[in-house]
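The chain below stands alone, shown as structure tokens; this is the form predicted alone.
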């Protein structure tokens, strides 16, 4: 087994990973590991923008209050204030790298930017680059990272599991030949095992600091706006290593995913509603005013539940967005990517209703971490959607996610450098053992289990939940995890089996978290407990199990 050394190991190449790498490259060698091509990330699909106070009629306090309101009593207010206040300097940093945000067409007084408004925001404060903000940010940051000699990329390479001194010592105590043991030493992360699909071999990467920036896990659900890579890898690895996982019951379902057989994951940005689109039935009847005085600009949890309820009431397969009141010229200018995509599918958004349904979109929970990325394990950091910092609470305010990634990446890098965690450890890494595993000739089993996990989660752990549904899901997912574990042990690993293992692990975390929260709050809606509980105000759900490694 080859062992590679680096000062800083970043797993993931979205905005959180690339910003972390760029900051750390000033202080040492950085390796960025990504399981597909380096540009493939959730960031690349983000349409809306970055929420930041940029206008004189706006204020940090208003942004803070909007975030707290959306978070339904579970935000960490100190974290919210820190992230919101750091917004302008983060935007300036992006612009210094070369990101260009859309500016206002007219002159005169007011902000220079064309600020959008999205659900839950009391002011226009969303900076955007047309309707492909994520793609613009990803392209610029990737270009800068590729130009840095201190940064190397390892593409088509999937992280398998964290390597910790506690695990190495446990092997030594059982008499395995795994190098030096350290009796009583601190349990810390010293690297990661990686499946390199370029050579079909397992590598070990040793690092002084390991950063999980693997994004979310929307592929746990049958219908999602996320790309295929979003399988919750960082959360699953951290849980298997014994770290605390926080608030996994809060899965944000984006209200408006395009309902079309040829574009099942295409997102219709919340900014479309911000520019006046109404949610209506097929006959043009609006319905959001029945659910919230803010109508289409209510927070995402309210809008998604309203759509879900209307679909169940009418039996309709979808609802519709109506923005026919805007001119074609305006829509092509403001939403060029969405307009072109819809037109390619035979829909002119200036004349036609747009069919939409809710779909799994964003994980508000994740690896428990601070704004500086620190986790419960020394040497291991989490940033972006993989982390749960307390910013989002029970429901993320629209366009706060990219802001969080920017701010936390910088705070994390500064802290890592200040603490001097930048030299790869010298200890020997135990060789990867495949045992009696053989190549698999039953790929159909993996595909079947993939579909079964995702269907189970969609049917029983979706927008509206019940104790009976969750208990049924828990039994089925645990049986599936046992089947997947045996498959994992019997056959040589592939990226498919690793991703299947991860989505099954994440599924169990979501179900256990949901069962433990006996109330309805934010994104967690329980038929058995329809109201929020005063006793659970400010109480986070924490799941932490002993390190399981391959035995789970």
Ligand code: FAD
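Positions refer to the first chain, counted from 1. Not measured: the values here are computed from a predicted model.
FYI, the form predicted in complex with the named molecule isn't displayed, but the following is about it.
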property: Proximity to the named molecule in the predicted bound form, single hit among 367, 394, 409, 159 (heavy atom within 4.5 Å); result: 159
property: The single option of 323, 288, 229, 424 touching the named molecule in the predicted bound form, heavy atom within 4.5 Å; result: 229
property: Non-hydrogen atom contact residue 33 with the named molecule in the predicted bound form at 4.5 angstroms; result: yes
property: 4.5 angstroms heavy atom contact with the named molecule in the predicted bound form for residue 9; result: no
property: The named molecule contact in the predicted bound form: residue 48, any heavy atom under 4.5 Å; result: yes
property: Partner proximity in the predicted bound form: residue 402 to the named molecule, non-hydrogen atom cutoff 4.5 Å; result: yes
property: Contact stretch among 212-220, 468-476, 367-375, 89-97 - heavy atom within 4.5 Å of the named molecule in the predicted bound form; result: 212-220
property: Contact test, all of 67, 249 and 389, partner the named molecule in the predicted bound form, heavy atom 4.5 Å; result: no
property: Residues of stretch 251-279 in contact with the named molecule in the predicted bound form (4.5 Å, non-hydrogen atom); result: 267
